[in-house]
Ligand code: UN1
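Before any questions on binding or motion, here is one chain by itself as structure tokens, the form predicted on its own.
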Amino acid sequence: MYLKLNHPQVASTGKTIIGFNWIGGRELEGDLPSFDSKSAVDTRDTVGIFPECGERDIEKAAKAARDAFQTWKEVPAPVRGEIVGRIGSALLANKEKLAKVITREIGKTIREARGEVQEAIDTCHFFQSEGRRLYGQTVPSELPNKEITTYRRPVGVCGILAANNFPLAVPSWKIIPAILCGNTVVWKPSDDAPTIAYLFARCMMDAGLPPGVVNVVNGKGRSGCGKHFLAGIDKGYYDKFSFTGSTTVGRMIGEMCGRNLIIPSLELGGKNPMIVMPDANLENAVHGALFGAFATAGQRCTSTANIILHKDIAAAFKERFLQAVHNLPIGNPVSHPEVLYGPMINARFATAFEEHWEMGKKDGATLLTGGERWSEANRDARVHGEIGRGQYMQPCVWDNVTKDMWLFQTEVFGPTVNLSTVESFEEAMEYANGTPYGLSSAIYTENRSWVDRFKRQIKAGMSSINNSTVGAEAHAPFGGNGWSGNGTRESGVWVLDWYTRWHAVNDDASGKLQLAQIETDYGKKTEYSVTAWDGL
């Protein structure tokens, strides 16, 4: 790892890291010229410089992973777990430094960045113990002198592509269980966050992960390295592919995997509902809505999108919520760590977010607040620090949103939320289930009957009771249904099913050919004298 001095006016934020690809245990340059990773907070800050990969680099990484698989799969699972544990220890030892890089690179607040690093640490420590629990089963046979056993076997080489909004936590959800199960990995990090990915790889190096078990290739998205990386699906480079990102790209990856008979893990977009019923603790609901809608500048797949208010508390909630939005601290998360949210991750996200303003107005929704970029001309007391060199957006709140509107149905990445008013619990559930997505959801109520009905009827993969739509724990399943994913899950023991294949072994010690379902006299009935039931 090499460091160089940063731009003089942002030197206090940290040095520029000169990084590499990591292929076959070696740090390598790419085939193409390098690219800069600029800070989302201040574009003068060059967080890292990284090589752009071409087609040959992807092929080289896939071969390194294929070669390493032959030996890594034979390493006992508890030993693989110990190495995973050492990765977690390396992350823990450098938690604050890693968090600061996340804040610089993608603009997440330091509080959230620390939480993201902790998520990766927790993931490592959870799966360290799972190295001693990759259990199979012994199954009774229907034939004598024969036993059936099942084993979890590694799948092979895993291609991993994750989004930019959780550049450390989400890749750890994929990479750590994959290698724990005996697989090897080719990972393309987001080009918005290659620096934190490189430092994650350095933690793996510090932990002594063998060469080729994880390979990291850097580069731009679909117009650069990304297209070569995805082309590897059709070239047979991967036995498994895991993707977190948009539903549009997820569909394409699903099609590619389908024609190659690969089962993908797809964690996609969301349009996450939050119901507030008449008996809800409104203060708690407002706090949950604020963080759910605006944390990470609304750039989470689990961000609260549609707040569904029962008519009896709609006016009171709106008053409290709007007051809280007007007091929301926003701005530069490097100089002012107390802000709730900072900039958009990149200019592309900012442009897409701006487009939703016109769509909402065309729908006929009412914009209660927001609708502009923050600038030096329109900033107010809520805005903290230098914002002129980043994409900073006002928080948007839309009212009178109905479920047939584009605004209600379409995922919008950014600090925006919709308010809808309903007459009853039944109508609230119609709204909550009224989009093609099914990722996260929440309800605020003290009524246990409503809670029970909500849990049974909601179509989301994850639900919270009296808590926000955002947040995940390393030992709980994460994933969605419908347009939010293909039913696969990240995290916890559930993810093991997607990084292993079940192997059934029939061990026949009878010394002869026995045929199940054909030789059926094994259940032959013993004959006794007939019981005289009719005479009773």
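Residue numbers here begin at 1 and follow the sequence given. Please read all numbers here as calculations on a predicted model, not as lab measurements.
The following text describes the form predicted together with the ligand, which does not appear among the structures shown.
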>> Give me the residue from A178, V170, V101, I443 that has a heavy atom within 4.5 Å of the ligand in the predicted bound form.
In response: V170
>> Going by heavy atom distances of 4.5 angstroms or less, which of H228, H356, H310, R300 would be at the interface with the ligand in the predicted bound form?
In response: R300
> Do D239 and the ligand share at least one heavy atom pair within 4.5 Å in the predicted bound form?
Replying inline: no
>> Test of understanding: in the predicted bound form, would A64 fall inside 4.5 Å of the ligand by heavy atoms?
In response: no
> Would V493 count as touching the ligand in the predicted bound form under a 4.5 Å heavy atom rule?
Replying inline: no
> Quick one: is A68 in contact with the ligand in the predicted bound form, heavy atoms, 4.5 Å cut-off?
Replying inline: no
>> Please pick out the stretch from 28-36, 51-59, 468-476, 496-504 that is in contact with the ligand in the predicted bound form, where contact means heavy atoms within 4.5 Å.
In response: 468-476
>> Pick out the residues of 104-133 whose heavy atoms come within 4.5 Å of the ligand in the predicted bound form.
In response: E119
